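So this first bit is one chain, no partners, the form predicted on its own, shown in C-alpha cells.
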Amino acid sequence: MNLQIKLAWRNLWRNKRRTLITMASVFFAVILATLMMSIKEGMYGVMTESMVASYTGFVQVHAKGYWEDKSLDEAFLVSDSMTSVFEQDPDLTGYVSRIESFALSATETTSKGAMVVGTDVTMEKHMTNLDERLVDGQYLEPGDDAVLLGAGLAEYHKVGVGDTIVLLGQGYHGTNAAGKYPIKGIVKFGSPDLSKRLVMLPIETAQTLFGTEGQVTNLVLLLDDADQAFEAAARLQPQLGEQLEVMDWHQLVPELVDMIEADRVEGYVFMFILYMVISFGIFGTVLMMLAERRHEFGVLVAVGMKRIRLASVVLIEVVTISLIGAFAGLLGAIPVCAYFFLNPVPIGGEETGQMMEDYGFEPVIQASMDASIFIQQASIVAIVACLLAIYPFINILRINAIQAMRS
C-alpha cells in the first residue's frame, strides 16, 4: 500500500498543470458553495438579530394569555421565588424587567401611535447593547424622567435630543396615562420597524406613567447560549407554575421561523443544483486526466502491472487531489466570507430595500462565519469528488491494453 501511495504522489507532480487544474476545480467549488451558504445563513442571522436579539429576546416570561392581548391588566409582581428559580438555572445570566404598552406620541404639530417600553436600563444594556445603538444624545440612567426615541419616530416627529414628547394612553385597569418627557437620546435599531415606533424609558418612570407600581408585563431572560432557548423555556415552565408562561423565540416570532424554514428549503434546491454543476466540473477534469493518460495506462497493463493496483493508484491520486483542493478551498473561503461579514453589503433599489424594511429586517447582505458552514461545504465537495473517483477506478479495471496503447 505504501508503494501505491508513493506512486500516486509522484504521478500527481509529473504533470503539475493537470494536477493544479483539477485541484483548482475543487478549490473554487468549495469557495463558491461556502460563500452561497454563508450568505444565506448570514441573512438568517440578520433577520434574527433584527427581530429577536435586538429587542424581543430569545426567551420571555409573562402572565398566561398576555401574549395574545398585550394588555397592561396582565401585569404581575416578580416574587422572590421567581428570582430564585432564575438564579439557580445554569443557562441564565439574568433577566430584563419590562412594561410594554401602546400610546399616542405627540408634539405640537404631529402625532403617531407608538410602542412604549419601560425597561431595566442597566440589564437592557447587557442584553441588547442599547447604549451602542445611540446615534445622538446619551443613554438612560435608572430613575431618569426622560425617554429614548427610535430614529424613525424622531424623524417623523422632526424632533431631536432636548426636545419634548407627550405620551397619551390607557394605564392599568383603565386609568389614564399621560406624561411629558424630554428626549435624552435617539436610538437606531436593526429593525427599521422598531425604529419607527419605539419609545423607551426607565421602568420606574413607566410604572408611574401607567400606574403599575412594582409590576411588570414581561421578563426577558438572558442566556449564556441563545441556542439553548428551547431547552431553557421547557425547563423553566414547570418551575414557574401555571399562572405564568415561558415562551422561546420560536413561539414569540413564529412568522420569522416559518419564513426562514421556507427559504432554507428553497436554498437546499439551489445548493443541489450548485452541487450538480460542481460535480460535472470536477468530473470533466477527471475525464481529461483519463484521456491524457490512456496510452500510459495501456503500456503499464501491457508490461504486467495488475489492473487493480493501477486503478488503486489512480483512485488515490483523485482522492488526494480532492482532499487537498477541498482543504485549500476551506482556507480560501474564510477571508472571502470574512470580508462580507465585516463589510455588509447594503441592498440597493427602493423596492427591495423597502420590502425588507416592511418585514422588519435591516436591508443588508452579511455573510456568516459559523465554522460548521465551512467544514460542511468542504466535506460535501470532497465527498462528491471522491465519489467521482469511482469512475476512473472502474474504467481502468476494464481497460483494454492494446486499444489504450493505440490511442
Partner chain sequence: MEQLVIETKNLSKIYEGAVEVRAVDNVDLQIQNGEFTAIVGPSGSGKTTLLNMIGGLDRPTSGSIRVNGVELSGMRENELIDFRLRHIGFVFQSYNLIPVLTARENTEFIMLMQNVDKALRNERVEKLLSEVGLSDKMDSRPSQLSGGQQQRVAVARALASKPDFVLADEPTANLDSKSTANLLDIMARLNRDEGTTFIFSTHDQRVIDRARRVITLVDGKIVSDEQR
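None of these values were measured; they are calculated from a predicted model. Superpose the two forms; the largest set of C-alphas matching within 1.5 Å is the rigid core. Residue numbers count along the first chain shown, from 1.
Keep in mind that the form predicted in complex with the partner chain is not shown, yet the notes after this line are about it.
Undergrad: Using a 4.5 Å cut on heavy atoms, which of Glu74, Glu296, Asp163, Glu204 is close to the partner chain in the predicted bound form?
TA: Contact residue from the list: Glu296.
Undergrad: Note which of Ala291, Val269, Val303, Val135 lies within 4.5 Å of the partner chain in the predicted bound form, where distance is taken over heavy atoms; exactly one does.
TA: None of the others qualify; the residue that does is Val303.
Undergrad: If we take heavy atoms and a 4.5 Å cut-off, which stretch out of 260-268, 204-212, 303-311, 333-341 is in contact with the partner chain in the predicted bound form?
TA: Result for this chain: 303-311.
Undergrad: In the predicted bound form, does Leu7 have a heavy atom within 4.5 Å of the partner chain?
TA: Judged by the heavy-atom cut-off of 4.5 Å, Leu7 is in contact with the partner chain in the predicted bound form.
Undergrad: For Asn11, is any heavy atom within 4.5 Å of the partner chain in the predicted bound form, or not?
TA: Asn11 belongs to the contact set for the partner chain.
Undergrad: Establish whether a shift of 2 Å or more occurs at the C-alpha of Val299 between this form and the one not shown, with the two forms superposed on the rigid core.
TA: Indeed, Val299 is displaced by 2 Å or more.
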